[in-house]
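The data below hold one chain only, encoded as structure tokens and taken in the form predicted alone.
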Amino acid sequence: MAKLRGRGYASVNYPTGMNLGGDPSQALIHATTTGTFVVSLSSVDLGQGLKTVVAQCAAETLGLPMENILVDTADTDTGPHCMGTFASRGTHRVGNAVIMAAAEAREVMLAVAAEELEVDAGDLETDGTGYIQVKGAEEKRVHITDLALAAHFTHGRTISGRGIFLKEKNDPVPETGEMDPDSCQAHACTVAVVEVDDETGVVEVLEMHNAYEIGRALNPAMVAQQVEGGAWMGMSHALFESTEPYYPTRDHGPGDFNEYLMPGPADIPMYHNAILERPAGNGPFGAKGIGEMTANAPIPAIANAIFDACGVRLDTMPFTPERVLRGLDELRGNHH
């Protein structure tokens, strides 16, 4: 009886967005009287960080600090249309729409600043701290708060912009089946290191190495959260979670969350993350989607690691001690 160690690999590529009947999202942006830019969306942030990434895209495009951006994920009645938060499409679709809206608003902002400073709009730049200034003559400048007030009360201008990103519908070629269903693909590889107790059948994940190629990491800290949170979910699917352990019979199914198993703090392995950036030509600043794929590769990586450790090939989740022991019995020729 021993604890057997194994290592398993799995790689995945994952599409950003879907085909649908075309896949659009819209964004609107406008400046308040005091220079806060409100980004209006009906896109939903489920906790994945869309509001932060959208604010970054708007701030970067406008040339203003993040503090000047307010993201309003209104609702589907009042916000501009969005297909929804699914298909790892949020950053790509909404980011592109926000960049388009912010670029239009920036043009108006610079045009009003040109009137206010009595210069040509082409001679103006933003300094990233809230000032619009003349290139090469930085002392000739106006702050966004003063500019927004002047736009409203002196010039009668609305500093605003509209944006939409559309992935156009694509139909398959009947003869070959070829089509263009998504916008770009992200790639990942997980290496799982496990220990299998051949007496109890318990599998422990010791380490997970995750490498992700995601175009560009717009927010590296949130990318790490996605990767590690997704790896946790993948491990949870692989080893613990089941609503129907003896499907199709209903025996021993969990009745509540006390009985529904998930990994606790002691089950979390060491994570090692690597982010590779190969910008997508059609992504916002090159970004691809990373939401859903993070739960995928860990599952087959763990299955391969179990096989490497003890020779048992499992293809039904979760990989419970019972299934491991039954597999070991078969290998030893003990058919009970």
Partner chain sequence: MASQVVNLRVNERSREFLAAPGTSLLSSLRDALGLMAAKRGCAQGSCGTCTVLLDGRPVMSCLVAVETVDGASVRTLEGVARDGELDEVQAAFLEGFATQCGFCTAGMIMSAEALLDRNPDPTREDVVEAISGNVCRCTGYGPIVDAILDAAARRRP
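Residue numbers count along the first chain shown, from 1. If you're wondering where the values come from, they're calculated on a predicted model, not measured in any experiment.
From this point on, the text means the form predicted together with the partner chain, which you will not see here.
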Query raised in the report: Heavy atoms within 4.5 Å of the partner chain in the predicted bound form: which of the stretches 81 to 89, 139 to 147, 215 to 223, 111 to 119 has them?
Result: 215 to 223
Query raised in the report: From the list H237, H152, H187, R162, which entry has a heavy atom within 4.5 Å of the partner chain in the predicted bound form?
Result: H237
Report task. Could you spot which one of E241, E195, D123, D72 gets a heavy atom to within 4.5 Å of the partner chain in the predicted bound form? Result -> E241
Query raised in the report: Is the gap between M233 and the partner chain in the predicted bound form 4.5 Å or less for some heavy atom pair?
Result: yes
Report task. Answer yes if any heavy atom of G47 is within 4.5 Å of a heavy atom of the partner chain in the predicted bound form; otherwise answer no. Result -> yes
Query raised in the report: Do P265 and the partner chain come within 4.5 Å of each other in the predicted bound form, heavy atoms counted?
Result: yes
Query raised in the report: Applying a 4.5 Å heavy atom distance criterion, does D256 contact the partner chain in the predicted bound form?
Result: yes
